[in-house]
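This document opens with one chain alone, in structure tokens, the form predicted on its own.
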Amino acid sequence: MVQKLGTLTETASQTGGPYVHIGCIPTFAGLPGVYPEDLGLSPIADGAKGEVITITGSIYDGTGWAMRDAMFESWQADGAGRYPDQLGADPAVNGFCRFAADKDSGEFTLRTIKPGAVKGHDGRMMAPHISVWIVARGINIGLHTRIYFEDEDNSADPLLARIEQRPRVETLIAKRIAAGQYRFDIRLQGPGETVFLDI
């Protein structure tokens, strides 16, 4: 006799493991032809308005090891601070990108347009930023964080203002290393641990 269940139980959490690349970015995983092209190859198309920038970095685990199996998704506004569904948004900026850390070095690269300041739902302006979601081995639930820029005025950003431990704000700031080039490293734990967002 089948037992009747009055409620459903939550499925156990699992780490992303190697399959996240196969399912989400199969060409990167060495399986070309699954899709015409992997979803989210670039957040911008030719002709996107604004400053083209490149952000490089690595994600480090608690031992200081650069994780070579991390996958990232990013979401951002265009150069004027508008998202794709907003009036006047740049049609050459879809804002979404899915990318992975290099299999050998663990370094990731994101080539995009530097986003403009974004008006929040409450009318306050958010400093230019890129939202990032991270999955990898040992991460049961994807981690959310943001990338801000050291050469922008971040002083009035409402999210940064809520971080009580002020030195930790620096973990969300990409450092400018050359014209149009930034460095942003992510640390999962230990000294310099990146601020992650509960969203």
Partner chain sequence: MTDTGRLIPRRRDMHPVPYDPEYKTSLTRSPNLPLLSLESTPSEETGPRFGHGLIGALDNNLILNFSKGAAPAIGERIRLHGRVVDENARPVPHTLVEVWQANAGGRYRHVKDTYFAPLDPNFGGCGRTLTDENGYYEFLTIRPGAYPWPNRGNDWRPMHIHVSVFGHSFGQRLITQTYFEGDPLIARCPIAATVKDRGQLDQLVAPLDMAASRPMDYLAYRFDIVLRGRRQTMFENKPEGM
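Quantities reported herein were computed from a predicted structural model and do not represent experimental measurements. Residue numbers count along the first chain shown, from 1.
Below, we turn to the form predicted in complex with its partner chain, even though it does not appear here.
A.B. asks: Report the residue, out of 44, 136, 55, 173, that has at least one non-hydrogen atom within 4.5 angstroms of its partner chain in the predicted bound form.
C.D. replies: Comparing distances to its partner chain in the predicted bound form, the residue within 4.5 Å is 136.
A.B. asks: Does any heavy atom of residue 86 come within 4.5 Å of a heavy atom of its partner chain in the predicted bound form?
C.D. replies: Judged by the heavy-atom cut-off of 4.5 Å, residue 86 is in contact with its partner chain in the predicted bound form.
A.B. asks: Quick check on residue 50: any heavy atom within 4.5 Å of its partner chain in the predicted bound form?
C.D. replies: No, residue 50 is distant from the partner.
A.B. asks: Just checking whether residue 12 would be counted as a contact of its partner chain in the predicted bound form - the rule being heavy atoms within 4.5 angstroms.
C.D. replies: Because a heavy atom of residue 12 falls inside 4.5 Å of its partner chain in the predicted bound form, the answer is yes.
A.B. asks: Heavy atom to heavy atom, is residue 189 within 4.5 Å of its partner chain in the predicted bound form?
C.D. replies: Yes, residue 189 is a contact residue.
A.B. asks: Heavy atoms within 4.5 Å of its partner chain in the predicted bound form is the criterion; list the residues of 142-156 that meet it.
C.D. replies: Residues within 4.5 Å: 143, 144, 146.
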